[in-house]
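As structure tokens, one chain now follows by itself in the form predicted on its own.
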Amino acid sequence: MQLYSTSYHRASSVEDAGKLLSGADDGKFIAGGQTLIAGLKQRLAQPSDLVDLRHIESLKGIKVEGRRVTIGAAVTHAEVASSAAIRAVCPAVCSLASMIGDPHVRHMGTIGGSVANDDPAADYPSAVLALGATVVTNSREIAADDFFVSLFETALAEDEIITAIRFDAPEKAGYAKFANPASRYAMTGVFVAKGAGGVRVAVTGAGASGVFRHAGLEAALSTNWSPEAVAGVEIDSSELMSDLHCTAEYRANLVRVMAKRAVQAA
């Protein structure tokens, strides 16, 4: 088997990380590495350099001011799950974080890495989209509705670094997912939120093009915020994906079931 060499760099600041990446032939940023390391093992990615963001202090920390929540990009899933400050204003986000992977994944994976990677079965993208969050980078602020483009594709430029995720805690929010029993990835997950701007519902793990908002569920829950309101909503399976785990039709039913459970959790 042919071996590939990769140079490792530990960035001391966001500015340092940018310089290290710009000096590489084909560099990649790495945070927790829960997706990238697997890609390296399978030869799906072969970067010349890895720039580690985990030790940058400015990317760490959780701040809650009133109902405004700011989570540093390098904050781990375990830190979000155990945050009393976040739980006081938006327990659904803590609940979501507690469902990600296993303890090892939760203590290594970061919210910034998950959002930047935009895996179609990841949990955090649904929360970011449903909460109408802002993705803060080293050069700009991007609204969640403009951030997620398609499978593994976001609005980020190649040298752009997520520094934080910011949102205003809604009046009510809930998350439910049907998890793959082996990976704990969402075969279908639904995050619901009701706030000053109305109702937002985001679906992950099911869309053929990645995470998406569901207008029908949003309309139904805007009229009647209850699990029963979801029952009559049509879920178009033609926009969902089929894979070795289940068909698009089965996922359509899961969207409805998980939406009911999310509202109940809220």
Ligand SMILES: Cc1cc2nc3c(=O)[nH]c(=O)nc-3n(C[C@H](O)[C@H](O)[C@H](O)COP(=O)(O)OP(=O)(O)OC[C@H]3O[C@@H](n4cnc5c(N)ncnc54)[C@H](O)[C@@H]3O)c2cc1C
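All residue numbers refer to positions in the sequence shown, first residue = 1. Worth saying up front: this structure is predicted, and the values here are computed from it rather than measured.
The form predicted together with the named molecule exists for this protein as well; it is not shown, and the discussion that follows is about that form.
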Please tell me whether any heavy atom belonging to Ile30 falls inside 4.5 Å of a heavy atom of the named molecule, as the geometry stands in the predicted complex. yes
message: My question is simply whether Leu156 lines the interface with the named molecule in the predicted complex - judged by any non-hydrogen atom within 4.5 Å.
response: yes
| said: Can you tell me whether Val192 touches the named molecule? I mean in the predicted complex, with a 4.5 angstroms heavy atom cut-off. | reply: no
*Does at least one non-hydrogen atom of Arg184 fall within 4.5 angstroms of the named molecule in the predicted complex?*
yes
Which of 114-122, 78-86, 166-174, 192-200 lies within 4.5 Å of the named molecule in the predicted complex, heavy atoms considered? The stretch 114-122
Do heavy atoms from each of Ala143, Glu218 and Pro227 fall within 4.5 Å of the named molecule in the predicted complex?
no
Checking Val93, Ala130, Ile71, Ile162 against the named molecule in the predicted complex, the residue with a non-hydrogen atom inside 4.5 angstroms turns out to be Ile162
Contacts from 31-62 to the named molecule in the predicted complex (any heavy atom within 4.5 Å), listed N to C, are Ala31, Gly32, Gly33, Gln34, Thr35, Leu36, Leu53
